[in-house]
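Only one chain is shown below, in C-alpha cells, and it's the form predicted on its own.
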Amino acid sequence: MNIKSYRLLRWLGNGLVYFILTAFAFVMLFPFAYMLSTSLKIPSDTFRYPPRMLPRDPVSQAVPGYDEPLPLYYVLVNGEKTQFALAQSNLKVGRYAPAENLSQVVERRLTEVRPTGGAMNPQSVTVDGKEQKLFDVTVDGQVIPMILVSQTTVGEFVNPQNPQEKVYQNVRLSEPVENVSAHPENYSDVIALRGLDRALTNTALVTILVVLGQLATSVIGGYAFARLRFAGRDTVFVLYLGTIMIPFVMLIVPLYQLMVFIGWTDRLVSLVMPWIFTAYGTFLMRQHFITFPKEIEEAALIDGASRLQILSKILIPASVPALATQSTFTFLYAWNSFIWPLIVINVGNEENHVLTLALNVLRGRASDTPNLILAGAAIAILPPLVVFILGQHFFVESVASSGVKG
C-alpha cells in the first residue's frame, strides 16, 4: 500500500467516525432543540400534526367590511392555491342530489334551501327503500326538488381584495398562512405564573448553599483522611465511604423523622443541612490530596505554616480542577432534586417550593398550554447545562492531571 492510498483510507476512516459521532450527537440534542423550539410557540402551534420544528404564527389581514383582521388560509380557486380570509366558520352545508340521479350533487347552505311543499306539508320520496325528504334547491335559476345526501361543516372564505368573492371549504382541512416567528415572552409568562420566580430563587439559594457546604466539608474531610494520622483513620474512612452503598429510599423515613424532631419540616433549611456532607466528595478530595507531593507540604511546615495555611494557600489553589468537578456534580444533583423536596416541603407552601416542585404543579395548571410547560422545563434545564459546559474543561483536567501546577 502506497502513501496516497494509506492517507485516503485514513481520511475515509476519520470521516466515517466523525459522521457517526455527529449523527449520535444530533439524536441526543434533538429533544433539547425541540423543547426550546416548542417553548417559543403559541399554544395552537404546539398541537399541530405533524409537529414542526420552527415556531410559526398565523397571518391575519384587514378586509373591507370587517371590524377585525381575518386569518388567512390557502384555498383552491380555479385549481390554483390562493390566499383567502376566513370570514365565518362552522357553517352547515348540505350536499343535495335529484332522487332519480344521485350523481348530480350540488352543495348549498342549509339556510338556503326549503322543504318541498313548505314546512307544514313537506313532501318526500322513496329511495332504495327508504323515505327521503325533498328540498327545493335553486340551480341556475331553477328550483329543483332534491334529497339531502349528506351534510358537513365548512367555513366561508372571502377574497381580501374583493370580499364579494367567496369560497366554501372545510376549515379543519384547510392550510393556514403562517410566518416563522418566536414568542420569548413565554418565559416571562411562566415565571410570573404561580410564583415560579420565587421557586427559581429558592432553588438557586439551596443549590449554592449545598455546593458551598459540600466543598467545605469535603475539602476538610479529604485533607484529614489524606494527610493527618490518627487512630482508626482508615477504618473510619472505609465505614464513611460505605455509606455510598446505602440506597436513598432507606434513608427517607429516618431522615424525615429527624426533620420532624428538629422542627425543620416545610422549611428550606431541610433541603440544605442534610446534604452538605458527602462521602463521594470526601473520597474525591482525599484521592486528589494524596497525589499532591509531600515535599511541598513538609517544606511549608518547616517554614512555620500551619495545617490550615497549607490547606488554604497551597492545596486549595492547586485543586481547582477537582473542586470544579465536585461543584459540577453537586450543582446538578441539588438543582434537579425532586423526591426529598416533595417529601419534606408541603405542596401548599408555595413560598418554599423549589423549581422541581413548581414544575410539577405547573404540569397540572398549564396542561392546556404545553408551550409554557416546556418553557418552564427549559428554565430548569439551561442553568445545569451551562454549568456542565463550563465545568467540563475542569473535569477533563481533573482526570488528566496530577494536581500539580507547572
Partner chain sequence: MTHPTQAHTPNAALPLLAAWRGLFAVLAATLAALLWTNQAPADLALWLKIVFSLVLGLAALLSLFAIFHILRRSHTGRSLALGLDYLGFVASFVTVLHLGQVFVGIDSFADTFGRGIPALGVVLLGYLIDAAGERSPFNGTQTTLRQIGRWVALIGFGFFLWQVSALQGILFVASSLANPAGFTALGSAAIFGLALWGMWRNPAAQALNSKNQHEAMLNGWLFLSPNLIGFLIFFAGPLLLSFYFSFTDSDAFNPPNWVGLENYAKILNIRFAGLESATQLARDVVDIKIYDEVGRLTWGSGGILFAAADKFFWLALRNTLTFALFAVPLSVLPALVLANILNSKLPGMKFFRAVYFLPSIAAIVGISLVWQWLYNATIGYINYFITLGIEFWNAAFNAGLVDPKIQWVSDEKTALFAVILIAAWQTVGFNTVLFLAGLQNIPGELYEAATVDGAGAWDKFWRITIPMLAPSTFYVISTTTIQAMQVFEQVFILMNPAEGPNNSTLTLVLYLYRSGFVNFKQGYASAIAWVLFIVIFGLTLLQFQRQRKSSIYEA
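Predicted model only: the values in this text are computed from it and were never measured. Residue numbers count along the first chain shown, from 1. For the two forms, the rigid core is made up of the largest set of C-alpha atoms that agree within 1.5 Å on superposition.
The same protein has a further form, the form predicted together with its partner chain, not shown here; the description that follows concerns it.
- Contact with its partner chain in the predicted bound form, judged as any non-hydrogen atom within 4.5 angstroms, is confined among 159-167, 176-184, 126-134, 329-337 to 329-337.
- Here is the short version: of G155, P71, P274, P145, the single residue with a heavy atom within 4.5 Å of its partner chain in the predicted bound form is P274.
- Taking a 4.5 Å heavy atom cutoff to its partner chain in the predicted bound form, the contact residue among I220, L76, L102, I296 is I220.
- Among residues of the shown chain, Q61 is not one whose heavy atoms approach its partner chain to within 4.5 Å in the predicted bound form.
- Not displayed here, its partner chain is kept clear of R286 by more than 4.5 Å at the level of heavy atoms in the predicted bound form.
- Using a 4.5 Å cutoff between non-hydrogen atoms, L40 does not count as a contact of its partner chain in the predicted bound form.
- Of the heavy atoms in P55, none are within 4.5 Å of its partner chain in the predicted bound form.
- Contacts between stretch 211-234 and its partner chain, counted in the predicted bound form as any heavy atom lying within 4.5 Å, involve T217, S218, I220, G221, Y223, A224, F225, L228, R229, F230, A231, G232, listed in sequence order.
- L228 shows a C-alpha shift below 2 Å between the shown form and the other one [criterion: core-superposed Cα displacement of 2 Å].
- In the core-superposed comparison between the shown form and the other one, L173 has its Cα shifted by less than 2 Å.
- Superposition on the rigid core between the shown form and the other one places the CA atom of E80 less than 2 Å from its counterpart.
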